[in-house]
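Consider the single chain below, provided in structure tokens and representing the form predicted alone.
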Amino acid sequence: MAATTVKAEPLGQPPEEKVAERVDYLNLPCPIPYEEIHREALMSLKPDVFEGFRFEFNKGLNPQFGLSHSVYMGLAEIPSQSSETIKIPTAQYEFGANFMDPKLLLLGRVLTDGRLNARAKWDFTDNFSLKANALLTNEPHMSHGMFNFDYKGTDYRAQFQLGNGALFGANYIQSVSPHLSLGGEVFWAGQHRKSGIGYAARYNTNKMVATGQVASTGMVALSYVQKVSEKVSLASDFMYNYMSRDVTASVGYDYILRQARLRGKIDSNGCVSAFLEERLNMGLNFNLSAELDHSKKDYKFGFGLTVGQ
């Protein structure tokens, strides 16, 4: 009989362990802009809820230039001393013009009540850009303008803000790991003699996003988004003002179907809202909106159509 040879294992040999992937801190990803750190939560918890009927028509004249028309008929809220919401019928028409270029973006909107909205974005280089926003109205002291100067680094972003009323602001956000970014902001409102400072943190993976923000104005904001699947996301947030002692918490969802998108939320004040966007055909979208606020006895329902891209 042939002898069987058994290979002996060395004594005291530890089992093989997976070597953790080393992090290259000199090659971290660039974080998202500071003012957008809550964008995933806002997508689910702050849908564009409206009341009444809304019709939008978008027409592209060429690859760069396009026109838009919008008609809205519904109810407008007016200030009241009572707890119940008082509304009056209203209607308005909006005309818009868009110019889109790889380096330049121009948007303009004119409403029948005399308001003019304008936005511009100019990319000077791949890293430096200028954004401008303006609102002109007939009402005294309601017109305003803002300039944002943005710089995008390899693993950080910086922004400087300049607005009317002697408003100055700056923010900075830095990636400190492949998933964690930290940032801060400062502002000075010369017209109102107010200043403030704030800090923010954002942690994100392929399955979740967690953010936290605190400011000297009294605001504390926390949000969390869990990606259940490629089509379903769950979100929650917590808002607290330690000066006014106001607290609000909400939970919501974002469900993407093949030709529709459904978003909704419920908050600690008992307000429930839902927003449906459905693509009926190429260039034709249907919107359905609803919001129930039992504490204020305020109930909103709206539907609309969007024609064009």
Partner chain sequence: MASRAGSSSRGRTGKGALAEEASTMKKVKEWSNWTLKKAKVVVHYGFIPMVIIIGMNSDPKPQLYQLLTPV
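Positions refer to the first chain, counted from 1. These numbers were taken from a predicted model, which means no experiment stands behind them.
Just so you know, the form predicted together with its partner chain exists too; it's not on screen, but the next bit is about it.
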Gly114: touches its partner chain in the predicted complex, heavy atom cutoff 4.5 angstroms: yes
Its partner chain contact at Gly212 in the predicted complex, heavy atom, 4.5 Å: no
In the predicted complex, Gly108 touching its partner chain (heavy atom, 4.5 Å): yes
Residue contact check: Asn98 to its partner chain in the predicted complex, 4.5 Å heavy atom: yes
Interface stretch in the predicted complex with its partner chain - options 32 to 40, 65 to 73, 279 to 287, 236 to 244, non-hydrogen atom within 4.5 Å: 65 to 73
Contact assignment for its partner chain in the predicted complex, among Arg119, Lys152, His179, Lys227, heavy atom within 4.5 Å: Arg119
Contact residue in the predicted complex, chosen from Gln174, Gln159, Asn204, Thr137 - any heavy atom within 4.5 Å of its partner chain: Thr137
Heavy atom of each of Thr85, Thr217 and Lys297 within 4.5 Å of its partner chain in the predicted complex: no
